[in-house]
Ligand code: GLN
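So this first bit is one chain, no partners, the form predicted on its own, shown in structure tokens.
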């Protein structure tokens, strides 16, 4: 099969319709081992044509002009040759039905992480309460801004060690109209909020083991290493996170952390050792252990409260 930009042998250029291009590219991506060939083809062609993905279905039989095919061909080359993720080629990724700008400076938001957002919202049931929420390692701001979208009265703080990531997160907050809803701070773990207490702490920390880097999908090479790898064993951030988080939680406050499925029981044990109760392992849509949740015990009547409530 000839590539979409080539002319036919009789001297006249072939007319490529939207459907032709989608079929050819889907087959090409599948042959190259792309995990979601049809979806990737649709997203990239819609981008090349400056259309919404759904608009492609209304234009299946329309011919695609040469300049658009050239743009599409370049995107195909980057997706297959360098295995650049679609989100980076588009410069955006949908998460929690919101559109987020993404760059090579941030981890691309993934559907699995919506498990964390859903679990957090379930533990913030009062629509009128100004919950204090902390998102540790915010990256693009996806978790913090999804929570702000659903809980506009919440006071949300989001931290990251990367100034570049915080810049991306700030742009996303502006684009989503949430610049006044989320406070972004630079620093490692809880260093930017040492004297503050929260009703809920949520984090999608780096948890991949560097020792396993060779077995990872090639697309991950385009994402920041400090957002992916938690040391040689994957626990260099999870371990101190579990140890330090209880000191920043209000009594009755929740800690929710995304993990690799193989880490869930270990991290749950650390939560218990740190004095947290009501431990639970949550599964993602694929049925894999994806998040660990635990709660700081409430104080008995008359006990001194280490934080402040309002």
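Please read all numbers here as calculations on a predicted model, not as lab measurements. Numbering follows the first chain given and starts at 1.
There is also a form predicted in complex with this ligand; it is not shown, and the following applies to it.
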{"query": "Listed residue (148, 133, 107, 116) with a non-hydrogen atom within 4.5 angstroms of this ligand in the predicted bound form", "finding": "107"}
{"query": "Listed residue (189, 89, 220, 98) with a non-hydrogen atom within 4.5 angstroms of this ligand in the predicted bound form", "finding": "220"}
{"query": "This ligand contact at residue 72 in the predicted bound form, heavy atom, 4.5 Å", "finding": "no"}
{"query": "Non-hydrogen atom contact residue 40 with this ligand in the predicted bound form at 4.5 angstroms", "finding": "no"}
{"query": "Distance check, residue 240 to this ligand in the predicted bound form, heavy atom within 4.5 Å", "finding": "no"}
{"query": "Contact flag, residue 290 vs this ligand in the predicted bound form, heavy atom cut 4.5 Å", "finding": "yes"}
{"query": "Residue stretch of 223-231, 125-133, 152-160, 189-197 approaching this ligand in the predicted bound form, non-hydrogen atom distance within 4.5 Å", "finding": "223-231"}
{"query": "Contacts with this ligand in the predicted bound form, stretch 180-219 (heavy atom within 4.5 Å)", "finding": "204, 205, 206, 207, 208"}
